[in-house]
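In structure tokens, the next block holds one chain alone, the form predicted alone.
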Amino acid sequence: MKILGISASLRNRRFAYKNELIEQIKSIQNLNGIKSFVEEQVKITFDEIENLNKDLSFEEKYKQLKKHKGNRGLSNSEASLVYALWQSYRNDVDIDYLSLSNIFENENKNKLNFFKKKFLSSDAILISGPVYFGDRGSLTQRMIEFINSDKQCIRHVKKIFYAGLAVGAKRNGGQETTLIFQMTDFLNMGAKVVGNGHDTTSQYGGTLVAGDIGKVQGDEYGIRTALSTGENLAKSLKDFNQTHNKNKQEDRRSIKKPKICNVFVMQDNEEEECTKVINSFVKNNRNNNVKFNIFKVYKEKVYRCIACDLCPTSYGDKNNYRCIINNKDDFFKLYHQEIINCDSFIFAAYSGENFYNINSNYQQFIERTRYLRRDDYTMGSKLVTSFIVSEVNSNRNLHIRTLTSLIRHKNILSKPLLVFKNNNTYINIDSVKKNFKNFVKDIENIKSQKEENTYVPIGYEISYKGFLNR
């Protein structure tokens, strides 16, 4: 298994085809060592810039730096990537490196072939790049365009995992929106997506602050998110591939206990179209190793989360329901066991152009999963997707909203299943059936046993005191 680290900044310092960066990363044994290495390499970059003629314009300095060999120093994006790759390697996954500035800044056939060879030999990609107006840079965009234009790359991207790091000039500089847009692109291409891990409260990936050259080294929390992303990507990749290889060797008829997939229909119209469509998909499912439980959440009583100061109310056995809302008719109170004792989730909804005949518990449901997230990610480490029946003009992006909520539970995201309806006709049902079948196959390859993850309530002082005293 190999993770390809991709740095997507025009200011990359390691742009040579052959450089020693990966071997240097692999040789470092501890966190202090990797921090010292990054500091040393950042200083090289800074000194090279300082040694240039001060009368040169920024553009002229940029051209001068491009004349260097490209095998020393680090930009902010590269420094962020180094931390994540080092942590991936420390979790027993091989690593590689690629500079996009060397490929797509002045691309030609040989450069594109070099990129393609690297990409096709990877099992996961980890992209680090700058933020531009809350979105990724043009190098990343061009890479995505190329993957989408090459038949071999299109096939391969469906087999890989993706995670991202974003570097902005300030703490709220668009890093999260950049990661969400990037995440959506790779989901749509068929990749599986993960964010950072439980130790940094499971977000969308690494978010780092660095405006000027070398400033990323001072962002301790950002560095933690990069390390966490590298570790989570490596562990998710290993768990999936080990289970996949094990299933290949076993006679499928000998698997007695099927995997469980819970389908929560959180929003539907009066005709219950979303429920009917997904029921038809489940009915036609030929994979006996996966069993589906469908919950009509939109018909249930779902009390709203009140964001209490200590959530969950106590610590202990996860099988015990421990939300402060204790109404007997509440959905989470009634079905806590069924919710947590499964291997996969589908969050489903009908997305209408208006709400004239819509019954919805969507937002209440999403909010109430708070107690499960804070209970050491009880809903986490599962393969998840969204299933949306959408009128063509609804434009509500429910599939994106759903998946960005699910990644906060430290899950593995899969391609959204989006059925479009136009004039009472489902216009893409066959392609969604194919994607649904692939999702069901992948459920078998996710490790069933629950990982030990710890929720650290950063930002909640009262909750943090309760966390420390448990």
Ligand SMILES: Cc1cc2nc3c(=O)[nH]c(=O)nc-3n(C[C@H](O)[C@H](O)[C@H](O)COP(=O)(O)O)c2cc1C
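Since the structure is predicted, the reported quantities are computational estimates derived from the model, not experimental observations. Numbering starts at 1 and runs along the sequence shown.
Heads up, the form predicted in complex with the named molecule isn't pictured, but that's what we're talking about next.
At least one heavy atom of S9 is located within 4.5 Å of the named molecule in the predicted complex. The shortest heavy atom separation between G211 and the named molecule in the predicted complex is within 4.5 Å.
At least one heavy atom of S75 is located within 4.5 Å of the named molecule in the predicted complex. Although the partner is absent here, F114 is not a contact residue: none of its heavy atoms lies within 4.5 angstroms of the named molecule in the predicted complex. When you look in the predicted complex, the only residue of I339, V93, V131, I180 with a non-hydrogen atom within 4.5 Å of the named molecule is V131. Of the residues given (I154, I358, I306, A169), A169 alone sits with a heavy atom within 4.5 Å of the named molecule in the predicted complex. With the named molecule left out of view, the stretch that reaches within 4.5 Å of it through heavy atoms in the predicted complex is, among 230-238, 132-140, 277-285, 373-381, 132-140. In the predicted complex, the named molecule lies within 4.5 angstroms of a heavy atom of only one residue of 173-188, namely G173.
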